[in-house]
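Take a look at this single chain, the form predicted alone, given in structure tokens.
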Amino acid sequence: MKTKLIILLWLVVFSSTAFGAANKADTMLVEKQHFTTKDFTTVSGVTLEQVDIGWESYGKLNANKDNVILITHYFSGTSHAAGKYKADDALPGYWDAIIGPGKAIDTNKYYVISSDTLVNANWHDPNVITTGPASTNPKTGKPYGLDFPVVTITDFVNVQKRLLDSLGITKLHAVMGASMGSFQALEWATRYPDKVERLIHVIGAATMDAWTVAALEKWALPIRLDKNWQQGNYYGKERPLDGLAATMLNITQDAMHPIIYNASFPDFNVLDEGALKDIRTLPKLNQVLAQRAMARAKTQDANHVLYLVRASQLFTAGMQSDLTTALKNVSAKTLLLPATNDLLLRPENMRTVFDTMKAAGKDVEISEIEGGWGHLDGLFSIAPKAQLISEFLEE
């Protein structure tokens, strides 16, 4: 049974959703919606004539429009945080375990919104709406490619703000996000402190360090080296799928801890017969991983992934070089949820953020997520924090 569960979750790692512990009978059915905004100027100083993003919501907006919780998604994720689009979907949204009627983020009380980011990786997923390098440049009638401006976490947040403004929402009961979603959640709290009452920051960071910036470049490198990438000018031609699949392999391994990674392959044999006989034959383990990675790559756009890498590399809260000063802007009650075994965005960094915020007199608490998934514990092991999250939202 344990092996079957691990295999299921491995398949989920290579999809744009994660594992939600919902019964079929009570799974919410949700609808993807489309938001368009005009004349959006990026932090890099370029104005986009039109930006389109997809979004979805769970629960009902109250009359005062003050029961809103914004969910901001992780690097390879989408707005699909909970529920299903169709009853027979294989899996619900990635945080279905904690979002829904009677759950930690109770949709009987709260109106929960989640949106696709700019340059969302999942360009070829029919349930994703995003603007990025693969979009048509209205000035040329062709895809932007690398003429698309560099975008930042701040830009993601500012598009979300326009979405909320269009709905008449001026204040958030809470904003919560995991991994790259935590960057967005913290950016909300530092840039718009008067609009955010609570911040839940999961498996994240407050600023990039040299180690992480270099590690993220390893995700970009296989794409750049793919002969079909052609400096981003591959639209209408053969896509750089080999490089993108290699990127998926890197992302997945970096996001997992060896505990679960090794347990996922109970039949692993280091003396692989095919690999022993022929250097051109990959070990069976690598063949399986390559197949899964290629399937995932086919739903994504390589340039979009590069832009997400750059947005993550440039992240620092409030776009301020001094993190301590940026954190002083936070007025929201804050809950930090790093993962103890996270090897990608290491928990010691968030312990330092906790100390910094505490010293500044901020209302902040920290509780580490335990588990064997590593970085992915923020998705797969979030359920044990349900009570803590529920109480934090009620306070």
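Residue indices: 1-based, along the sequence shown. Given the structure is predicted, the values throughout are model-derived calculations rather than measurements.
One more form of this protein should be noted, the form predicted in complex with a further copy of the same chain, which is absent from this view; the next part is about it.
- The partner is absent here; in the predicted complex, the one residue of 295, 288, 150, 167 having a heavy atom within 4.5 Å of a further copy of the same chain is 150.
- Contact with a further copy of the same chain in the predicted complex, judged by any heavy atom within 4.5 Å, is made by just one of 137, 325, 250, 127: 250.
- Picking from 271-279, 74-82, 109-117, 156-164 the stretch near a further copy of the same chain in the predicted complex, with a 4.5 Å limit on heavy atoms, gives 271-279.
- Among residues of the shown chain, residue 198 is not one whose heavy atoms approach a further copy of the same chain to within 4.5 Å in the predicted complex.
- Remark: residue 101 does not count among the residues lining a further copy of the same chain in the predicted complex, judged by a heavy atom distance of 4.5 Å or less.
- Within this chain, residue 94 is remote from the site of a further copy of the same chain in the predicted complex, having no heavy atom within 4.5 Å.
- With a 4.5 Å cutoff on heavy atoms, residue 207 counts as touching a further copy of the same chain in the predicted complex.
- For the stretch 37-53, the set of residues having any non-hydrogen atom within 4.5 angstroms of a further copy of the same chain in the predicted complex comprises 43, 44, in sequence order.
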